[in-house]
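Each of two forms of one protein chain follows alone as structure tokens, named structure 1 and structure 2.
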Structure 1
Amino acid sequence: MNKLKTKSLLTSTQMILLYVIVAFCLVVGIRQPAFFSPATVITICRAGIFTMCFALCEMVVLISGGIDVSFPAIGCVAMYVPMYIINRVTPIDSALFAFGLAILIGLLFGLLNGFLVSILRLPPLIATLATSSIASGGVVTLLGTREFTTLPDSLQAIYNTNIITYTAPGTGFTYLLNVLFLVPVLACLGVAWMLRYTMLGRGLYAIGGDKNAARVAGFNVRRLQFFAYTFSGVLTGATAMMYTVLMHSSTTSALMGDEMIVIAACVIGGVRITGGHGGVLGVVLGVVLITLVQNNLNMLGIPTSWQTFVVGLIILLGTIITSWQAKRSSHGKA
């Protein structure tokens, strides 16, 4: 029995992911020794901030048995409206206002998603597609599209706060890790705790596993679905404002198209698209792998025009491996 458990541990989705990550790093490192440096860690951490946060949103929704493809649009609205107000209406120089409004917007659209899915019982993919169209179409129609690139001082102050400053000995380059990196870290810990140690979290797994069973067990299915989508909306709002801070940019299209990579990160991390399975650790690894791949293809020497293809290939293979893995694990009967 014990042997069996260690064996299944060694071939679990997370471990396989880890092997792949290590192998990828080795290959890149061999081609490009500069890769093996603390700088790489910082760079990956910095580059993965948004994907990680969005992946957490998506994971919670996927676990509950839904899917959310509206977060890029919601994020764009959430980053655009506050900056629009600050730049064009009244110059409110307050980080609290910017983040507060972004989160509020995320919350509202999250509630809309929740309403469509749990009250009207529309299929999640279609419902969130609709929300996506409504959000991005609505905001551009009302407020137009501009690009805001100057931050008010309060947000600039956040941008200037770093938790790690590393100077590479050879080149003298400085690598900075912004304080906002703590957000995904804390969010991961928080979500992991929530999923494991609260009835809310277990309820999400329950409704993702079998909605009817959850209903007869006395779970409030609607409330749990509402929670999943509003949680996703809120974290999306916050992440979008982080994007504005870190990238000095707020547009109505900055995040569009991100859902593909984020869903892929979740699935590679062992979250099943059919609901009820997956956890934070796997998703973190999935995000790490995807971020690594996205940001090191030049180092690997892949020609630019082939990079889309290579990313696609790796994601497809990752999906195939994890799906096959999931099938194997649910087949062993006891």
Structure 2
Amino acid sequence: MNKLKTKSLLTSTQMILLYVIVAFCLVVGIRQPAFFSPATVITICRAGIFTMCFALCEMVVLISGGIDVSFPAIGCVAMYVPMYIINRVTPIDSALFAFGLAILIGLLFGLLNGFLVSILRLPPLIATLATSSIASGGVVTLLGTREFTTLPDSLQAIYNTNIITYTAPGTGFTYLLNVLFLVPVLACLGVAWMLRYTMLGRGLYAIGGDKNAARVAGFNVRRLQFFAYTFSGVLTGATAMMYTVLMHSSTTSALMGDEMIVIAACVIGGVRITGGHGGVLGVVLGVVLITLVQNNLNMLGIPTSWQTFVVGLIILLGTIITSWQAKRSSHGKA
């Protein structure tokens, strides 16, 4: 029995991902010894902040049996409207206002997605595509496309607050890890706890596995779907303002196209597109792998133009592994 458990653990999606990450790091490190340094860890942590937050949004929706491709457009609106007001309407120097308005915008769009999916019963892909078009088209039509790069003092203070400062010996280059890195860390812990220990988490898995069975078991399917999309919207709004702070930029298209990277991180992390399966640990490893590939292909002598191809290959391999794990699990139960 213990041998079976050990074999199952060693061949789990998370362990396979860990093997791939270790192998990738070894290959890059052998080619570029400077890769094995605290600077690399800080760079990966900083680069993965936004992807990790968006991946948590997508994971919760996927587990519930849906899909959300609207979060990049929602994020663009959530970052652009507060900065437009601060720069063009009235100079409100308040981080609370900026983040609060961004979260409120995310909440409203999340409720819209929840309404379209749970009340009108539109297919999630169609519903969120519609929301994406409404958000991206509406903000451009109403507010224009000007880029804002100046932060009010309150947001600049957040940008200047770091939890780690590392100066590389020899080069003297300083690597900083901003305090906003704590947001995805706390979000991962909170979502992991929610999925594992609460009825809300069990309900999300239940409706993702079989909505009718979940309904018979007493779960409120509509309420759970509303929660999934609302959660996604709220965290998207907060992440969008984090992007503005760390990148010193707010545009109407800054996040567009990120959905494929985020879905890739979820899929290779073991979250099934069909719903009802997945976890935070797998998604974290998926984000780490995607971030490593995005930031270190050039160290292997591979042109950056190949990045999309490699990510697509990772999605394919991740889907194959997930499918294999599902078949193995069903055969084991049989």
Partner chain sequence: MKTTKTTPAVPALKKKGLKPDTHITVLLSMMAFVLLLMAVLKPGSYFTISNLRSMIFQFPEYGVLSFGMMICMIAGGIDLSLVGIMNLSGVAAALIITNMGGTNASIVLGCAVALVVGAICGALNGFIIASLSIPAMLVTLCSLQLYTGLALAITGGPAINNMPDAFKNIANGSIGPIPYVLFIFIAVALGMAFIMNCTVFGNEIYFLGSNARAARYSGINTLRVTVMTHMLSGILGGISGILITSHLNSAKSSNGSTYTLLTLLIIVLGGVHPDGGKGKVMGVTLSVLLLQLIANAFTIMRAPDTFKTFVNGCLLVAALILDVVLEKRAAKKAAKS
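Throughout, rigid core stands for the largest set of C-alpha atoms superposing within 1.5 Å between the two forms. Small disclaimer: the values here were computed from a predicted structure and weren't measured. Counting starts at 1 with the first residue of structure 1 and goes up one by one along its sequence.
- By the stated condition, namely the form predicted on its own, the second structure is the one that fits.
- Superposition of the core reveals a Cα shift of less than 2 Å for residue 25 between structures 1 and 2.
- Its Cα shifted by 3.2 Å between structures 1 and 2, residue 311 is reported here after superposition on the rigid core.
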